[in-house]
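First, one chain by itself: the form predicted on its own, in structure tokens.
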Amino acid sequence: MTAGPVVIVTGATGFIGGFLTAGLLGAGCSVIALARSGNGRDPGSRIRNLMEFFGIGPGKGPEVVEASLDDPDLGMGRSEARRLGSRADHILHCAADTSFAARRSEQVRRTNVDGLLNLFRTLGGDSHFHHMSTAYAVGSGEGTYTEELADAEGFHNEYERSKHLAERMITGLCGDAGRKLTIYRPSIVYGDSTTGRSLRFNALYYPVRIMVFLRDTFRRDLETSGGSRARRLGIGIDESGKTVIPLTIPHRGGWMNLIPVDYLVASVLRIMESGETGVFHIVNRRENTLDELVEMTGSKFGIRGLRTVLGRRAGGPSPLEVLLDGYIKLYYPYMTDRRRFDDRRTRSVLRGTGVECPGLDSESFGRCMDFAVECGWGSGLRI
């Protein structure tokens, strides 16, 4: 990206927003990070911790402005917000509530739809608006989806629905105001493909973390408590020291579309630099299957006995499988997805730049999981 443009970023203390903030700074942009207090720390402290994570020294980080998207005036007053908005060449809206839980549906919609409306109305200005959406805003159907707004057949959760509504709303608002709009639709985002580093550990990480949790829980039972609970479930430790967990995961076929955060950042920066508007799918043309994820998880974490089966398991689920289902059922639609995303507009912008999406293999999976374990699945990060 050419040096100099001023970019207002929301969600800078989140996963995608954090990596994009660092990427924009590295590209020579002046970044204004809208942030609020969280985890007992003020916005300035949170952003300083973020800069330390990325190795960006004092004085080289973004300008920090305290703001809350829950407030109609962002908590800063309309006139002050308008002055801020007038300074920006671009607004990159990354803040979102990504919860799939039904009990959080109202909050998800408030953040993802009402918060976007508050941001657009309050900042004003004529800057190019960039909205970070998701590929799954297209709805819960099957088949191939193009890079355009379209009606949806239904949704797996309120997160998908809210992002669909947000796309429609911001398209109408920018159209009425005559403002440029670019919508980014990434698929499932995991850590950096070369370093394994990440700021959040949901999506790809959550089912893996549950398997590691089960492994550790039952190993403790076997090694320190007599092992009666583990043995009732058929769990043991084999001669090589691997944990044997006889677990069959039923599925409907399909795949997972996974992209590393470094590919997302590189793609967004190139698209922003191009000045192009419209919808862009940022996805992987090489999907992973559930079988591959299960194999990588077992190999990485010393677990034997995991397998998948197409369709329902004969005889019904075992108690262990019922236990696992309770943890990860919200993720099944993304682990066995039957949606594909045409990304020809994105590939057109990236052509000749050297930016390509790597596939998730055992090596990159291992790097990402090593970092997740090293930082306690995020508990060791203070951002």
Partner chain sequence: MSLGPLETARSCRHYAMCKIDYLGRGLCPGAAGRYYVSFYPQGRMDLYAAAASGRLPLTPVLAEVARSCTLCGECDMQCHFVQGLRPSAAASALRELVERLTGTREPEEVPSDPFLDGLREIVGDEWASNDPAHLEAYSDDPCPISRRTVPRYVALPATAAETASIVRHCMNKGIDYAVRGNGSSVMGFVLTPGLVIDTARMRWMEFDEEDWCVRVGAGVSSHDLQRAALARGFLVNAAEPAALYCANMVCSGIFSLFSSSLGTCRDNVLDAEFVSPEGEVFRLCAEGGPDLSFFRMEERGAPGICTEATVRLHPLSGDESGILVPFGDFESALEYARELNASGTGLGIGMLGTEYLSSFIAPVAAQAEALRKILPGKLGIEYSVVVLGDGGTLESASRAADAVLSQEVMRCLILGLPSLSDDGISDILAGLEGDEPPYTLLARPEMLPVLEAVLGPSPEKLASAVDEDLRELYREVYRDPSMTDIFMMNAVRSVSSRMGREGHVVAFIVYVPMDDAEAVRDLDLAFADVAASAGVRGEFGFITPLDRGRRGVMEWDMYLDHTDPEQVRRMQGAMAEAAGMLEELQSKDPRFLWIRYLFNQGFCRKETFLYRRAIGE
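Positions refer to the first chain, counted from 1. Keep in mind the model is a prediction, meaning the values are calculated, not measured. Rigid core here is just the name for the largest C-alpha set that superposes within 1.5 Å across the two forms.
Quick note: we don't show the form predicted in complex with the partner chain, though the next part is all about it.
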Would you mind picking out the stretch of 214-222, 122-130, 262-270, 300-308 that comes within 4.5 angstroms of the partner chain in the predicted complex, counting non-hydrogen atoms?
214-222
The one option of 252, 179, 104, 87 with any heavy atom within 4.5 Å of the partner chain in the predicted complex is 104
Contact assignment for the partner chain in the predicted complex, among 349, 27, 330, 56, heavy atom within 4.5 Å
330
Check residue 314 for me: does it contact the partner chain in the predicted complex (non-hydrogen atoms, 4.5 angstroms)?
no
Verify the contact flag for residue 164: yes if a non-hydrogen atom of it lies within 4.5 Å of a non-hydrogen atom of the partner chain in the predicted complex, no if not.
no
4.5 Å heavy atom contact, residue 286 and the partner chain in the predicted complex
no
Taking the partner chain as it sits in the predicted complex, is residue 209 in contact with it (heavy atom to heavy atom, 4.5 Å or less)?
yes
Scan 305-337 and note down the residues that get a heavy atom within 4.5 Å of the partner chain in the predicted complex; none is a fine answer too.
319, 320, 322, 323, 326, 327, 330
After core superposition, I'd like to know whether residue 285 moves between the shown form and the other one (criterion: C-alpha shift of 2 angstroms or more).
no
So with the core overlaid, does the Cα of residue 30 end up 2 Å or more away between the shown form and the other one?
no
Classify residue 336 as shifted (yes) or not shifted (no) between the shown form and the other one, where shifted means its C-alpha moves by 2 Å or more with the rigid core superposed.
no
